[in-house]
Structures are given as structure tokens and as C-alpha cells.
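One chain is shown next in C-alpha cells, namely the form predicted on its own.
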């Protein structure tokens, strides 16, 4: 199939979170399976790193968005590490070079032209197709930043036969980010003559929503876990869009994200000091020693280490941590290594916690990828008490590295971590259902109890629990088939590659 994949961030070129990871990995897997994929994103300053080569494809492209004339150029690079079926042809990635809109320190901001930045991205992605004479079977768009594309195809680009068979898939990575702006910016979307097709209640209230518009016109809607697909259809977690999602329930599918099994592989991870696997866990203990040494904490084999790698924001459930951790650290034998940056109140809390428990707690706010790998490899447990979590990736990294997750039962956490049962030996972690102090305390205490109940030097029960998670199939090759099924349903006469990646089972171990 011909797939146009548009995102505001794509790893490894530009990334602020899980969207970037998915937007890098999913097209790569589609490409590996033989589909013709073209990826489009803005050319931010961070994209232009030394050693990365770009080819100018077209310069001086001009679009008129209401009173604003936007000029941009199109550049191409290749997705690292990709080749089609051994032919050596890499996955092409196209960049929209428009310094006035994208040359900024952050990918996103609060500037008064944020609507224009991403309306331009939507228009420009379709202009890329026109320049390349690339007729997409599927235009796969992501979150509010590219959600105008379905309506653009229905209206301003409907004349072009290049898009005559194009169907659209909109993936929701986090419904809390909706791209809502004053209705006065409508002309700068380039869709002022289609005002009657926007959500009329919103317009009457003086606003337009990019994400709402995409939800109204996309041919299929996906989100990043089955549980999250159900949650966002409720008033509690739908963030005012639950009504639209319930009405479009017939085209809404929850597909669990995958992880990059090359980047996150404890048997071949160049960021960690020792390799290990589910059949040979000795290297994990060496990683624990290295993690504690780097953190300036004493190493004791029988004292568990809980890792936490996160953006330090309200969504991640850190209010519970503030209330619970000081008490538990005073009462129990465990250590913590925390890596993250975000709101000052949470950073200040973890610094205070480190001062109060200098031999038990280390906090590092200077986030970097190698450090995150070491925490995943060296910790015994991993804490994710998220208030809500559309999918989550760190719990899957943890499972792959034998680092047992402690999670709140929500979204993708509920779909990937199953409660450990001592009697049957089934399950992969510790799951607390109630988002309150008692729930989090219970989850951590359960983990510490199972850890402490091991007999002998090798803790057979704990290692059994580790292996349950390490042997699960979490790679994108196990997920991509669900997307291809949706593509095939939308464009049933498309010529499919001779083989596609398998779809994994969702049953628990």
C-alpha cells in the first residue's frame, strides 16, 4: 500500500515523548513489510545534527492561508537503519523547511501562531504528495497537529485525482491535547470557505478544534491501547470529546503500541555495562551495581531498587508519590533512582526526598537516553502510578529488561501488566486499581513482599516473575498487522505485500 504518514515529531529526528517513538517505529515496520511509506514532519533546528544528510527536493513552495502567505521548501533524508526487502532502498522522510514557523527551541509552544504552524504542516504534507506524484492509499495522521488533513482532502484537495482513493486514519496518542484555538484563526487554516463543516457548537462558542475536526472526518480512528479506547468514551476521561467518540465508535479501534526491539534489547544494549536475557540474568545484577555506583548509593544484593523514569507532570500520578514515598522509605528496605524533569514542585520534592534519605534515594533531573537505559536495566522494579496513561512505553521497556512494573490500572498499563499470582505463578507485575494513597502503598508493599519472600541466593520466585515479562512479544512486528487490517478494510482493492508481520495475542502469560 501507499501510506502517507504525517506527524509533528518522528524519532530519531525530533521527539518529545511517545508520539515521536511511535511515529518513528510504525512507519519503519510498515516499510520493512513492503509498503511504500512516505513520512512528513517539520524541519526543526534539532533535526539538523552533524552527519545527517539532506537533499533539497523543492524550494519556494507557496500556500495562501487566509491573509498569510507561507513559503517553505521540502527536504529529504532517510530513516536510519531501514531498507526495503534487502534492496537497500531506505524509508524516505520529508521535512518542511519553514524557519519562520519551525526554527524554535521547543517543538511546541504557547505562541500566537501555533495554529498556523500545524495548519501549514497539514497543507504541506499534501503538497509533498503532489510534487512527488505519490498517490496515497492511506493518509495516516497523528494527534491534533495533523488532524486537519481529513477535512482538507474532503475539500481543498478533492479536485486532485491523485487523492481520489485516499482514506484517512487518525491516531489519538493523548486526547488531552486537542489543538483548540479562537474561531478568529479560521482563515489561517485555509478552510474559511468550509466553516460550515467545522463543529458548529464550537464555532458558536467562539473556538475551533483541530482534533475535533479530525475526529469528525477521519475514515478510521485509532488510539494506542484497547483500554484507553474504552476510557475516552466516558465523561471522566473523554475530555469533552466522549460524545463524538461514542458516535464514531464503529470506526474507533484501540491498538497497543509496540516498542523498538533493536533499541530496547538487554542482550545487545550498548548503553548498559552487561548483557542479559530471560535465560541468563546474571548481567542484570551487574547493571544494578553500575546503576547504584553511578547514583552514589550503596549496593546490597538483597535490597531492591525501584526505578522511576518520567516526565514530572500531574498526569503521571506524582501527587500520590509525594504523599506515600516518605512514609514507605522510613518503614521499608528499598532504594529509589528517579530520572525526569518537569514541574518545579515535583523536582523540588524529589530533591528534598534525596536529602532526607541520602543512602536510599537518588534524583537526576538531567534526562538523557543512556541514563534511562541504565535505570531500566539496573532497577529491580519500576514505578508508574499514572493518573491516566494512553499506552505507556516505559512499562514495556521494564518488562523486557526484567524490571517488574508497579502500575495503576489504567489505559495501556492495564493492557500490558497483569497482576502476579503467587499460587499459579502467572502475571507480570503489581497492579493497583484505586488511584489513592492506599492503592499505591498496597502496590509497592506487594512488590516488596514478593521480593522478600524469595528463598536462596537466586530468588527463584522473583526470577520466574521477571521471565514472565521478558518473554512477552512487545515489538512493532507484533502490532503492525492490526494497522494493516484497518488499511485493508478502508482500501480493499489495494495490492498487498506477499507477507505481513504477525499479530500478537493479547492473552496474559
Ligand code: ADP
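Fair warning: this is a prediction, and the values are worked out from it, not measured in the lab. Positions refer to the first chain, counted from 1.
From this point on, the text means the form predicted in complex with this ligand, which you will not see here.
Visitor: Considering non-hydrogen atoms and a 4.5 Å limit, which listed residue (306, 101, 384, 191) is close to this ligand in the model of the complex?
Guide: None of the other options qualify; the answer is 384.
Visitor: Only one of 341, 434, 345, 131 gets a heavy atom within 4.5 Å of this ligand in the model of the complex. Which one?
Guide: Filtering the options by heavy-atom distance leaves 341.
Visitor: Based on heavy atom distances of at most 4.5 Å to this ligand in the model of the complex, which listed stretch, 329 to 337, 200 to 208, 286 to 294, 386 to 394, is the contact stretch?
Guide: Checking each option against the 4.5 Å cut-off leaves 386 to 394.
Visitor: When the contact criterion is heavy atoms within 4.5 Å, does residue 230 count as touching this ligand in the model of the complex?
Guide: No, residue 230 stays farther than 4.5 Å from this ligand in the model of the complex.
Visitor: According to a 4.5 angstroms non-hydrogen atom cut-off, is residue 90 in contact with this ligand in the model of the complex?
Guide: Residue 90 lies outside the contact set for this ligand.
Visitor: So in the model of the complex, is this ligand close enough to residue 12 to count as touching (4.5 Å, heavy atoms)?
Guide: Contact check for residue 12: no, nothing within 4.5 Å of this ligand in the model of the complex.
Visitor: Within a 4.5 Å heavy atom cut-off, is residue 367 in contact with this ligand in the model of the complex?
Guide: Although this ligand is absent here, residue 367 would touch it in the model of the complex, with heavy atoms inside 4.5 Å.
Visitor: Considering only 294 to 325, what residues come within 4.5 Å of this ligand in the model of the complex, judged by heavy atoms?
Guide: Stretch hits, in order: 309, 310, 311, 315, 316.
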